[in-house]
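Only one chain is given next, in structure tokens, and it is the form predicted on its own.
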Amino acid sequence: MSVSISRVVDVAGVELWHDVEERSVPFDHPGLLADPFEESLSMFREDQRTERIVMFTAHDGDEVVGNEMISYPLLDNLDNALVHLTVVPERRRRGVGRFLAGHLLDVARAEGRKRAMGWVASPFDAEGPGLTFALGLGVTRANENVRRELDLEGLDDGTLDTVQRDLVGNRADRYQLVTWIDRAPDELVETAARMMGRMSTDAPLGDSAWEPEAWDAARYREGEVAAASRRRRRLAAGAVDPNSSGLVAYTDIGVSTIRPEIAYQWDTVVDPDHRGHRLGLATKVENLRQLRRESPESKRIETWNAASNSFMIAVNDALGFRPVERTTAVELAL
């Protein structure tokens, strides 16, 4: 094996990096497609205060055989490096992956990071070869997640009406439901940021060594800019407490403007002081209505939840999501 690794430094390098994704994502994740090239290019060009992304390609002669990416958090979790590596399907089980992993971990160590974190997919009811490979590197399992899928073509307003009627009597109707696209209203952006901060403390993280994140309006606005630069529309919904005029529940969906067939459920969170009123379900129903109205090209939604998150799983089950894949969060001390 004569594999070499090159850092991505230009658009041509991004094209090679993205080609690996195009060949590998459908193979590794049934029903999924690689994100459009424009998203990979945007990640390469981004200059954020929240994270720094570095990309690499692996070559055997003139053939591209894999890729790597490291994301370094810059505001918090400064000991962590988020890592991603892929070997094209036809070159696996020949030592390429282990070689790439060694390089990736060395780069993270040189940056002063103390922990590498990543995610490995498996079939829903079995452990896949990717997880076997990762465990062979000495990683520990930190959390188990399940990818669920909702068929939007089989979802109609009558189904949503039925779910919404079931919410009556849970006091959800005392809250004001609001929606927006791409940019949060100025009067809500502070509480939208606060809700995003709760995602790092309230979502079940298992044994993941992930520190709470500090969110403010500027950080939320930066996320909006990043989504737009990646050609993603953010469709959001929230519940406003009439006593405080701030958000106490939040959910959002990302949709590529280039490849809108698959939408992605991003974050959903409810303030602890306002739980028990099914606000997670209420905001999701409202956002599904918005998605059907604003993006009729979207045929399904993908979402990931911790396997232990029984509350959010119940919400997704009520909407018709079905499990299709398991994802294991893994960590390795550097």
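Quantities reported herein were computed from a predicted structural model and do not represent experimental measurements. Note that residue numbering begins at 1 and tracks the sequence as displayed.
Below, we turn to the form predicted in complex with a small molecule, even though it does not appear here.
For the candidate set R174, R93, R109, R183, a heavy atom within 4.5 Å of the small molecule in the predicted complex is found for exactly one residue, namely R93.
Of the candidates D28, E302, E51, E286, D28 is the one whose heavy atoms come within 4.5 Å of the small molecule in the predicted complex; the others do not. For G154, no non-hydrogen atom is located within 4.5 Å of the small molecule in the predicted complex, even though that partner is not displayed.
Remark: P212 does not count among the residues lining the small molecule in the predicted complex, judged by a heavy atom distance of 4.5 Å or less. At a distance threshold of 4.5 angstroms between non-hydrogen atoms, N145 is out of contact with the small molecule in the predicted complex. Heavy atoms of A116 never reach within 4.5 Å of the small molecule in the predicted complex, leaving it off the interface. Note that among 190-198, 260-268, 117-125, 245-253, the stretch whose heavy atoms approach the small molecule to within 4.5 Å in the predicted complex is 117-125.
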